[in-house]
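Consider the single chain below, provided in structure tokens and representing the form predicted alone.
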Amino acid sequence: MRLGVDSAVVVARMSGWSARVTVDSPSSHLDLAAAADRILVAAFLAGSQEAFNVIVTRHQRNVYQLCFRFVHTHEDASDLAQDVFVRAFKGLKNFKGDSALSTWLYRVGVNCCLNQVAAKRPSTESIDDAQYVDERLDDPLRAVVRGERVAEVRRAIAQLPPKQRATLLLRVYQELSHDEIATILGCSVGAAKANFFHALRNLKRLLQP
């Protein structure tokens, strides 16, 4: 496949924000809109600005929703989501493909959110991998979070230590496995399960009348 080179502007658009980065990128006849994420990453690394636009379009909703559940305001969530894709633009060369691109983007997103939370409130959270975790607590939590007490649950989640909040949001709202969460948080699966157990316990305590 022969590629021509032209100067282009990457425009990552969401409702209320945009990120622009100027690059030299090739154009091709590849149908990027239908391409798998790994093809988009390869095309972007080869210089295709359109490939990055497709990545943003494909994943912006989930990234924004993750950020919104951390900060609960559209303005802050939009700023964080923009930061995620700016970091992705700069850091995709380090993406090794040993996990899904969505998982990698979630990791970038969680790191951005945790950094903002840490700047506002220090955390003394400690997790013991060996702590007992009752897997049966998973489904009841989903019922609570998706029930009629949504606003109350959101306020309680906002009070959780940052890593517990991240684990709970990824598990319940994004429906990721403990293995995927461990990859995103850069911890062991045991620590991810313990995080979830502690988050559930604390959430129930905060929701007690």
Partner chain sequence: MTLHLSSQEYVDAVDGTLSSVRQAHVARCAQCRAEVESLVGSVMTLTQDDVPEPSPLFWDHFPQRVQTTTQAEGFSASDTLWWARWKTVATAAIAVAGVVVAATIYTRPATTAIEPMDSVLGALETAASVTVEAQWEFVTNVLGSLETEGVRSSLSPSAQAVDAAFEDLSVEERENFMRLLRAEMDEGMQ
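Residue numbers count along the first chain shown, from 1. Heads up, when I say rigid core I mean the largest set of C-alphas that superpose within 1.5 Å between the two forms. Predicted, not measured: the structure shown is a model, and the values here were computed from it.
Another form exists, predicted in complex with the partner chain; not displayed. Remarks below refer to it.
Quick one: in the model of the complex, does every one of A35, L40 and K163 get a heavy atom within 4.5 Å of the partner chain?
Not a single residue of the candidate spot has a heavy atom within 4.5 Å of the partner chain in the model of the complex.
May I ask you to state whether C113 is within 4.5 Å of the partner chain in the model of the complex, using heavy atom distances?
No, C113 sits far enough from the partner chain in the model of the complex that none of its heavy atoms falls within 4.5 Å.
So, in the model of the complex, is S48 in contact with the partner chain at a 4.5 angstroms heavy atom limit?
Judged by the heavy-atom cut-off of 4.5 Å, S48 is in contact with the partner chain in the model of the complex.
Although the partner isn't part of this model, could you tell me whether Y106 comes within 4.5 Å of the partner chain in the model of the complex, counting any heavy atom of the residue?
Although the partner chain is absent here, Y106 would stay clear of it in the model of the complex, with no heavy atoms inside 4.5 Å.
Give a yes or no for T183: in the model of the complex, does one of its heavy atoms lie within 4.5 Å of a heavy atom belonging to the partner chain?
Looking in the model of the complex, residue contacts with the partner chain do not include T183, since no heavy atom lies within 4.5 Å.
Suppose contact means any heavy atom within 4.5 Å; which members of 193-209 contact the partner chain in the model of the complex?
Contacts from 193-209: K193, A194, F196, F197, L200, R201, L203, K204, L207.
Does R155 shift between this form and the one not shown by 2 angstroms or more at the C-alpha, the core having been superposed?
Shift at R155: 2 Å or more after core fit.
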